[in-house]
Every structure is written in structure tokens, then in C-alpha cells.
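Presented below, as C-alpha cells, is a lone chain in the form predicted on its own.
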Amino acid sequence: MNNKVTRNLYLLPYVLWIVLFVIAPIILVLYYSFFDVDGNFSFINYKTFFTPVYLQMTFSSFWYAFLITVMSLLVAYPTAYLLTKTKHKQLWLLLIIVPSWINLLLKAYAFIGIFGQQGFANAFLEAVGIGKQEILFTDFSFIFVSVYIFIPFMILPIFNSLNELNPTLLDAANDLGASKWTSFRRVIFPLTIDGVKAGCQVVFIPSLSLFMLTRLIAGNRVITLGTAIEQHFLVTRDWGMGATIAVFLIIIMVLIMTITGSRKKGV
């Protein structure tokens, strides 16, 4: 009995944290979503969300989040694989993770300087004879900077999955005559799929709600659900519409986590 009471006491801080900082904010967002701009109870926000403007915005958010996730995966997987083969892999992994500790705003302003008309990127293009290009405030700059920011979060779970891979399985595949591509396709990738799913989750979900980079790097040429939420809460002061978009964003995130979540089969 004493052990049960002690266990409940240990659980109390976690329960309070979840209630205060997870459940309560979601309830507040849901509550505000039922009020129009004048503060009257209404379902108009949900009706407005299913208009072409917001549906196009939702599709745009999914498209850019998909591109960012795919680009991050294409870079992160071979990087994580090479890291597992290096001598001081933990040190190299730390060097990759360290930039993620830097404030997002500082990194955004750094890339504004790099991609600007007088920045390093244009100086290099001019030196090789291509000439200055409009790099900043484009889809390319937005996706490039987003991938740079999210790369460490994709590399880490994949690295952990690859690092835990039993090397005897690869030896067995080689002994059976499997090529390197076959070994990757039939052994390595299937056994590290949980790491890939985790990496895709932590990249795709935040990418859906990006708003700072859409303003600073893309110059508001890229409009996402996160941008719309920011505009409604801080500019138009239509908290109800902003909350409604947030409700659908939460639902989308839960669905993504459910779909990409690992399912352990019972033995």
C-alpha cells in the first residue's frame, strides 16, 4: 500500500504538468475557436476554414513540410550512417547537434546576411561568372534554411537506430551473397525504420507551423498555417479564427503521430 502511495506522489508533478501545460491550453484553444471576431458564440470560424483560401493554405503547409522532411531525410540518413563508421562518432554527433542550441532568430538573421545581395552566396556566384541572383525571399532559401535548422533532429534518431544495429546481421547478409544495396534495402533500412519515423515526426510536425522563417527568409511569399495563426492573433486580433486553425493543426499533428508511430507486435 505504501509503495502505491509513494508511486502516486511521484506521478503527481507529471500529472499537474500535463494538465496545466498540455490539456488546459488545448481546452482554451478549443474554447476560443467558437467565438467570432466580435466575441459572439458562433461556428463561423469552422465554416470559414473550409473555404478555398484556408484549404489552399493547408495544402501549401503540407507541401512545404513534406519537401523539408524529404530533403532532411535525404541528407540525414547517409550522414548518420557515415557517423556510425567514424572513429569519434559521439564527438562528430555533438558537433552536428551544437548548432541547434543557437537561437532560431539568430540563425535566420545569419542566413539573411549570407543570401542577401551583398552576402557570401552572391559574392561566390559573381566570382564564378554567374552573377548576382535573387536568393533571399524565395522558396529555395526558405526550404534550405528550414532543412538546415531541422537536420540535427532528423540525424539523431536515425543515428541511434543505426548505432544499435546488430553488425552480425550485415555479416550474415554478406555471407549469403547480398550486395550492398540489397543489404541496405532488406536489412539496414527495415531495422532502422523506427528511427526514420521518429525523425520524420520531429521535422514534419514543426514544419507545418513555421511562421518566423516565412517572414524573415521567404518574405511572406510562403504562407503556412503557422503564418495564419500569427496574423490572426497579433495583427487582425481575430483570436477565434486563429484558435480554429490551431485546433485543426493539433488534429493534423495527432493524426501524423498516430500514422507514423511505431507499432510493437506482441510476442
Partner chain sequence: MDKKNTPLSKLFLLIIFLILYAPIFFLIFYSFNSGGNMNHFKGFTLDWYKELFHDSRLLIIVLNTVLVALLSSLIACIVGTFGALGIHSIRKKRPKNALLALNNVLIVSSDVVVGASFLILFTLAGIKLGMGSVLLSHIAFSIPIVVLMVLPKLQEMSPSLIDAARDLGASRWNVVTKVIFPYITPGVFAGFFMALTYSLDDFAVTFFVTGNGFSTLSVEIYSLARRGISLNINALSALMFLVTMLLVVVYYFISQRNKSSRLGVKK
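Numbering follows the first chain given and starts at 1. Predicted, not measured: the structure shown is a model, and the values here were computed from it. Under this definition, the rigid core comprises the largest set of C-alpha atoms superposing within 1.5 Å between the forms.
Just so you know, the form predicted together with its partner chain exists too; it's not on screen, but the next bit is about it.
K.L.:
Identify, from the list I112, L125, I193, A178, the residue with a heavy atom within 4.5 Å of its partner chain in the predicted bound form.
P.N.:
Only one listed residue qualifies here, and that residue is I112.
K.L.:
Looking at S100, N160, T138, T182 here, can you tell me which has any non-hydrogen atom within 4.5 angstroms of its partner chain in the predicted bound form?
P.N.:
Of S100, N160, T138, T182, the residue with a heavy atom within 4.5 Å of its partner chain in the predicted bound form is S100.
K.L.:
Report whether the minimum heavy atom distance between G129 and its partner chain in the predicted bound form is within 4.5 Å.
P.N.:
Heavy-atom contact with its partner chain at 4.5 Å: absent for G129.
K.L.:
L83: heavy atom within 4.5 Å of its partner chain in the predicted bound form?
P.N.:
The answer is yes: L83 has a heavy atom within 4.5 Å of its partner chain.
K.L.:
Examine I252 and determine whether its closest non-hydrogen atom to its partner chain in the predicted bound form is within 4.5 angstroms.
P.N.:
Flag for I252 set to no.
K.L.:
Please check if T79 has a heavy atom lying within 4.5 Å of any heavy atom of its partner chain in the predicted bound form.
P.N.:
Contact check for T79: yes, within 4.5 Å of its partner chain in the predicted bound form.
K.L.:
Do any residues of 8-32 have a non-hydrogen atom within 4.5 angstroms of its partner chain in the predicted bound form? If so, which ones, in sequence order?
P.N.:
Counting only heavy atoms within 4.5 Å of its partner chain in the predicted bound form, the contacting residues of 8-32 are Y10, L11, P13, Y14, W17, I18, L20, F21, V22, I23, A24, P25, I26, L28, V29, Y32.
K.L.:
By the 2 angstroms cut-off, has the C-alpha of V19 moved between the shown form and the other one once the rigid core is superposed?
P.N.:
Indeed, V19 is displaced by 2 Å or more.
K.L.:
Superposing on the rigid core, is the Cα displacement of V254 between the shown form and the other one 2 Å or more?
P.N.:
Stays below the 2 Å threshold, so no.
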